[in-house]
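Listed next as structure tokens is one chain, alone, in the form predicted alone.
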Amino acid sequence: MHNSNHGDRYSAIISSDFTVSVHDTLFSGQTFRWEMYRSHYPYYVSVIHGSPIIIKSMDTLGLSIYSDRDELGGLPLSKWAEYYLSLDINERVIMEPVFRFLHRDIALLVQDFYGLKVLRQDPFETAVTFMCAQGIGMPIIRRQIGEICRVFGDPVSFTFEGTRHTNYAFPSPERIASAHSEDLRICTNNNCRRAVNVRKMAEAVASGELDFRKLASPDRSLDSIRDELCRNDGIGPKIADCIALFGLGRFDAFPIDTHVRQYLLEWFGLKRAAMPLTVNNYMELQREIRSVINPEIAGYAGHLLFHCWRRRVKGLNTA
């Protein structure tokens, strides 16, 4: 990978040696702030760290990533892209030989999605996203998060390949903490309780009571991360695991929702998945699936399985 100046933008060129399915990655239910546009090649637009990010997928030629800055999050653009797209993780080692032997049909299905990358995202944005995501479909989640950014975030305008775009930065914890209840309720699918919980969580982050940098420490156990997150109203074990997996880079976190329960039952025969999802059953299901797949990256593998189940078995569109 190397950087090259592209007019007033910088580009990080990712070699085609890396297999990255951009669409599967960005529209798999882990992030809801990317928009797709089409020119000669499709390109995807979002705002991260307050800057426009454009990912252009060029088939066998690899990826180009553009921004108006040559570094993001304290990293050179190329290194940030490697980090964000988790290029240090080889999906083929997720499904170990013993798994491929014992679950050959599943392994054959999942290998079509090896280019799906689990993103390393901002933990506060991830927390707000999944607190808003409970019990609703992906299109509504996307609309909610877009509205939160439009109402509380700062506009970011830029031109790419002759097209003018205006997107919005994700609002800071301070901005959401000071939000009026009515404005935030409108952005959370008209759910008053959810709006209050999101604001209280933002207040905890703004005050330092909830410190994501400390939670991201590799010395923290997953149980202690989950316990601390679950002290916040509106965050249960599943949302805590989503925050850990997608926002804290804890690829051992394994969120369990309806689709995950379905494939745990159908593909792996875990009878507990058909039982009510109490906290005890949730934790026991995690223990059982970690005996089937690599526990150190169980959540990463779980997201591939989740996406494969939705697409290949349920016939659902991406997020």
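What you see is a predicted model, and the numbers here were worked out from it, not measured in a lab. Don't overthink the numbering: it's just position in the shown sequence, from 1.
We do not show the form predicted together with the DNA, though everything after this point is about it.
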query	finding
One residue of 86, 78, 134, 172 in contact with the DNA, assessed in the model of the complex (non-hydrogen atom, 4.5 angstroms)	134
Interface residue in the model of the complex among 215, 204, 235, 179, criterion: non-hydrogen atom within 4.5 angstroms of the DNA	235
Proximity of residue 28 to the DNA in the model of the complex, heavy atoms at 4.5 Å	yes
The DNA contact at residue 148 in the model of the complex, heavy atom, 4.5 Å	no
Heavy atom of residue 311 within 4.5 Å of the DNA in the model of the complex	no
Contact label in the model of the complex: residue 276 to the DNA, heavy atom within 4.5 Å	yes
Residues 138, 143 and 193 all lining the DNA in the model of the complex, heavy atom within 4.5 Å	yes
Per-stretch contact check against the DNA in the model of the complex, the hit in 63 to 71, 252 to 260, 290 to 298, 44 to 52 (non-hydrogen atom, 4.5 angstroms)	252 to 260
Sequence-ordered residues of 267 to 306 touching the DNA in the model of the complex, heavy atom within 4.5 Å	276, 278, 280, 303, 306
